[in-house]
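Coming up is one lone chain in structure tokens, specifically the form predicted alone.
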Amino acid sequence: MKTLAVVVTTSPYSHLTITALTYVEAALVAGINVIGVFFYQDGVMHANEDISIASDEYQAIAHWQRLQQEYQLPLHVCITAAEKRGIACDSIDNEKINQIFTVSGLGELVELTTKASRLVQF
């Protein structure tokens, strides 16, 4: 079976984010096993509970949430990149991190890379 891992390094208000979401959803609909999405660099902003995107703009975070719920899609956010961008991950509740995301390290990215037959970065 084909497996896919995705790395998102673009912010939630980037046009490349729409491309990433479209690509991931198309893969899921086609029956490809998407083993995880890893949010790194500015991509960690997707997990920021405090981010506010204007209502007339594309709501990327809501789309990630829908895919996560519908397909049980694992969404990992890099703790180091998040902390560099002011998204505190040191509390027990991770109140700044949206609950659909799992706080991970680069080891998770390595694991996704070794398990996937293909890795795509946006």
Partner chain sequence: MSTLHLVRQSAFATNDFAQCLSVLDHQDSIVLMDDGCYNLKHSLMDSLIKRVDGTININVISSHAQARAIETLTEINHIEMSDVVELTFNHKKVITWQ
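Since the structure is predicted, the reported quantities are computational estimates derived from the model, not experimental observations. Residue numbers count along the first chain shown, from 1.
The following text describes the form predicted in complex with its partner chain, which does not appear among the structures shown.
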Task: Site check A60, T102 and S104: each within 4.5 Å of its partner chain in the predicted complex by heavy atom - done: no
Open item on the list: Please tell me whether any heavy atom belonging to A27 falls inside 4.5 Å of a heavy atom of its partner chain, as the geometry stands in the predicted complex.
Closed with: yes
- [ ] Answer with yes or no whether T9 is in contact with its partner chain in the predicted complex, where contact means some heavy atom within 4.5 Å.
- [x] yes
Task: Neighbours of its partner chain in the predicted complex among 107 to 122 [non-hydrogen atom within 4.5 angstroms] - done: S117, R118, L119, V120, Q121, F122
